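Here's a solo chain for you in structure tokens, the form predicted on its own.
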């Protein structure tokens, strides 16, 4: 089968949407750190839809800080790729052309910094996941002892981390007396712009106080809220795309029809008019991100941990259980919504109805195991702020706490059938040691995990209603299993 490329675009069926602008005349204006599936399904499609209606120098150069796999697959097809939109009953492919190049950090860090420092680069966007910020999730501050940060401080011209790369490129702009690019985080972090600003300044302070001052005075770090469910691409997805295209595409991405992007409108050198494509340019992103992190992401992680333990491989399968569907809706209604400052004009009931429908979409095969990754980085944002809201009123939210108990059971690395769980987390070895020390003592296991201050901080573990509710939930999970535990929360 022929490969997707510029030469073969004309051979695609008319039902496949293709770029409707001259790619060769679109200069790179955006560099993106973390060229994974989410960026290619979200910010890239928004940008392509924008310049289709209003041409401008906003093509994207992707940066892969891990390795060459994505670059090699995309380069062989002129950096074109397919986004397969998977609705409940209809799957629509579109070919996206907004990415013009991909550079690989470990191969040539100088080329990466050169591209970011180029005068044409006006915005650097980021999706490196929570752990890519090399920060302490409980405080939001730079983790100075992080091995990657230590490497970058010793080798500032050949950084490995996103933070070291950003600062190296900004320093180059400073030395050239050039206007800095805008740093636009698109990761699921509360106040993500403020978070990346903190860690960038924390790192810059360790390098050069003059550089820190220049960043403080000149660089913009707007906040954003992003939303689209994008599972990891499988071989089955690759085959489905080939059947739709009649061409081979080795770099497709798949996801749901829904997408949302709220952006704080604060840029140093302009931006694409993303609002043309439906983005919301606002003065304050916080209400949108709080609603999404707590209602969508908190619910998603709860379904992931408890669903995985109950034996469900995918989120839609978990939602097919009436007990889980009722559990998650009641958690949204009774525990999460009271802790959310709903943005003006948002129908919160309709928003929750849509979340239930999205989680239940049988075409989006989002693995519980995938969502369960990196929980140490996610719990503070997705669970703990909501928990604190309720504790301030003297109550511990039982369903949210059961989700945390589910995380505790999950990170022991052994499931309900005694089988090994492949726990992917920066603190996985630490969790394993805590579990081994606790043995069969559920109280000791809970105490050990609550003592991980990078997640729970210093004060929260001392709050007795929280400790007791989490421990009770963990004991219930060990005694009756996740499915029956969820069933007991129906009333």
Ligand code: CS2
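Numbering follows the first chain given and starts at 1. Everything numeric here is computed off the predicted structure, so don't read it as measured data.
Below, we refer to the form predicted together with the named molecule, which is not included among the displayed structures.
Only one of 338-346, 292-300, 396-404, 168-176 places residue heavy atoms within 4.5 angstroms of the named molecule in the model of the complex, namely 292-300. The putative spot formed by 366, 378 and 382 is fully lined by the named molecule in the model of the complex; each residue has a non-hydrogen atom within 4.5 angstroms of it. Between the options 386, 82, 125, 188, the residue in contact with the named molecule in the model of the complex by a heavy atom within 4.5 angstroms is 188. The single contact residue among 310, 134, 183, 229, judged by any heavy atom lying within 4.5 Å of the named molecule in the model of the complex, is 229.
Mapping the unseen interface onto this chain, residue 371 counts among the residues with a heavy atom inside 4.5 Å of the named molecule in the model of the complex.
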